[in-house]
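Presented as structure tokens, the chain that follows is alone, the form predicted on its own.
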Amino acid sequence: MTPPSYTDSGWQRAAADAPFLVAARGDEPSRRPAWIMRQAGRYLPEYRELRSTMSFLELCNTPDAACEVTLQPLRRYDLDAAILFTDLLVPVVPMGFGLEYNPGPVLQRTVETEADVDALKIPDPETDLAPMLATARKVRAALPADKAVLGFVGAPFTMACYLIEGSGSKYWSKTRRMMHGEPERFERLLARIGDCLAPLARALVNNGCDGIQVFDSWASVLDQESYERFAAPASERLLEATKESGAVAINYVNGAYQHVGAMQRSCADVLAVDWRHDLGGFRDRVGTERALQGNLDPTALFCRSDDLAQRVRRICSGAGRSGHIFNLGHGVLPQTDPDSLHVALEAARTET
């Protein structure tokens, strides 16, 4: 397979018959494609070795190192897509927020007032996020045309959670207080976040990404009405920007069974389903016109090999051969035995 090439209009993306792209179109590929959320990371000893030499943000912002980490799992496993090694919150730095990881993310200030919303800076991806784009180009150049390159952005609701709270939270109560108590301000914040991230989604595509996944990690705390009013329209803007750029748009909403209807109404090419759903039942609900991604429980990778393979086969059987991209329902856990992914991927490949 020949590698993609560079043209004046941007980096060419994966070949049209790449398994990931065929499945994303809802068709039946030559084999069931697979990639794993958080497939590059702490469960791999080669990642831990590199990570010991620099901080997390240094790693994200050093293209050679970030490219190396992105490619590490593709050397171990026969995966069909590489997802760029970075973090949802990397864009908040050029948006005007100091950021450190201790070990989780901590922002040096938060959004509280109307003035705080207005003060959010809109990054220029080509300058403010140049290392991320350089990583995308390096990864694309290193891979053959049958492998897809994926970028990602945080859904505006999830990004708002961090901007308002300043760090992780269990219930995101401060965020929800603003949403309900000051809905107009909250909608303006979501719109401003969209202003910041839509150019990044387009730039990632223009620099070699075949698809963009919009991660809504925290929408599980929202009731259906709130999700449909606030979160879904804000995510839709990023999905639309991705599609308009000519790439696959993946909509991932974690832990959000109550939001299936809204997910189905999104413009996304691929609906990424968390592990709490029965994928066969999800397929029955959305039909065959939409590609599905997922959805093995990450902790199932701790099962015995025969039990793990059986779980994977049930998922793949329920999803069907056409329009299915095998994945976890969330990210691989740091304590995971790397060999368990071989078992899961082999089971996914052999399920007809």
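Numbering starts at 1 and runs along the sequence shown. Predicted model only: the values in this text are computed from it and were never measured.
Beyond the structure shown, there is the form predicted in complex with another copy of the chain, which is absent from this document and is the topic of what follows.
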Looking in the predicted bound form, any heavy atom of residue 101 within 4.5 Å of another copy of the chain?
-> no
Spell out, yes or no, whether the shortest heavy atom distance between residue 109 and another copy of the chain in the predicted bound form is within 4.5 Å.
-> no
Considering only heavy atoms, tell me if residue 303 and another copy of the chain come within 4.5 Å of each other in the predicted bound form.
-> yes
Can any non-hydrogen atom of residue 63 be found within 4.5 angstroms of another copy of the chain in the predicted bound form?
-> no
Another copy of the chain: the contacting residue among 222, 133, 270, 196 in the predicted bound form [heavy atom, 4.5 Å] | 222
Among the candidates 202, 176, 243, 121, the residue which, in the predicted bound form, approaches another copy of the chain to within 4.5 Å (heavy atoms) = 176
Give a yes or no on whether each residue among 49, 317 and 338 has a heavy atom within 4.5 Å of another copy of the chain in the predicted bound form.
-> no
Per contact check vs another copy of the chain in the predicted bound form (non-hydrogen atom within 4.5 angstroms), the hit among 64-72, 41-49, 307-315, 24-32 is 307-315
Contacts with another copy of the chain in the predicted bound form, stretch 328-351 (heavy atom within 4.5 Å) | 330, 333, 335
